[in-house]
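Only one chain is given next, in structure tokens, and it is the form predicted on its own.
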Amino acid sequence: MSKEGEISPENYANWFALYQLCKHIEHRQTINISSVEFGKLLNLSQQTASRRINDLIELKWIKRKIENKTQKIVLTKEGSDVMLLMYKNLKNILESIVILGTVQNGMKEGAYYVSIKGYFDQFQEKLGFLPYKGTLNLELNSTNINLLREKLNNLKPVVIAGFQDNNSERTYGDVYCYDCIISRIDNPEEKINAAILDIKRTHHKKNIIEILAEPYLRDYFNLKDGDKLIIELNINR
């Protein structure tokens, strides 16, 4: 590895070989595999696969034991550290990838909250646009919702303060808003500013988010259920 803790370019092939070994070792820490079998995993000749194993041994990423003419490969602490390093690097890359949401039919819950004057006036004042009195529901897969939540945890929200309705004496809690930019996946150049509403009192599933914008988004983007939108967080607010 380089001084910066990255895999050096000359070891990219060795890292991929280690990755393939780890896929087959799984939780066992060891694997019985011949050079021929390893070559098939890497789509390499037996000779090249044998050299790759020798390289991994020299790097101290694996150890080799020969038992009854059987080659046993053991993952070392150094090899585990390399995999952990690559996991962290790939995680950082993954977190920079745009998040996709699938348009879903809503329960009109967002429209109810947005229309309440105590919220609506604050949305206009604090978000900088006159919002449509309704929200667009987007469903995110487990990877995307986890990435989104992690990103939101590192951002300062726009807080729409809770209040009490003097007529009904009902209390309404704070709503957290996060600036975002959305676009269709098939037309990413056409973007619009919007906001993610993080409503604490909601009946939606945890992987459903609500998007607030100035226009009626279904008409603006000509959307139907199942269409996909790109969600980009505005981190410069």
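Numbers for residues come from their place in the sequence shown, where the first is 1. Throughout, rigid core stands for the largest set of C-alpha atoms superposing within 1.5 Å between the two forms. Because the structure is a prediction, the values reported are computed rather than measured.
The next section is about a form of this same protein that is not shown, the form predicted in complex with the DNA.
For the candidate spot formed by N141, R149 and N154, no residue has a non-hydrogen atom within 4.5 angstroms of the DNA in the predicted bound form. With the partner omitted here, the residue from Q47, N187, T171, N193 that has a non-hydrogen atom within 4.5 angstroms of the DNA in the predicted bound form is Q47. Taking the partner from elsewhere, I181 is found to have every heavy atom lying beyond 4.5 Å of the DNA in the predicted bound form. Among residues of the shown chain, I33 is one whose heavy atoms approach the DNA to within 4.5 Å in the predicted bound form. Under a 4.5 angstroms non-hydrogen atom cutoff, the DNA in the predicted bound form has N54 among its neighbouring residues. Taking non-hydrogen atoms only, T102 never approaches the DNA to within 4.5 angstroms in the predicted bound form. Shown without its partner, the chain has no residue in segment 131 to 164 with a non-hydrogen atom within 4.5 angstroms of the DNA in the predicted bound form. The two forms, fitted on the rigid core, differ between this form and the one not shown by less than 2 Å at the CA of K191.
Fitting the two forms on the rigid core leaves the C-alpha of I160 displaced by under 2 angstroms between this form and the one not shown.
Positional change of K117 between this form and the one not shown stays under 2 Å at the C-alpha, relative to the superposed core.
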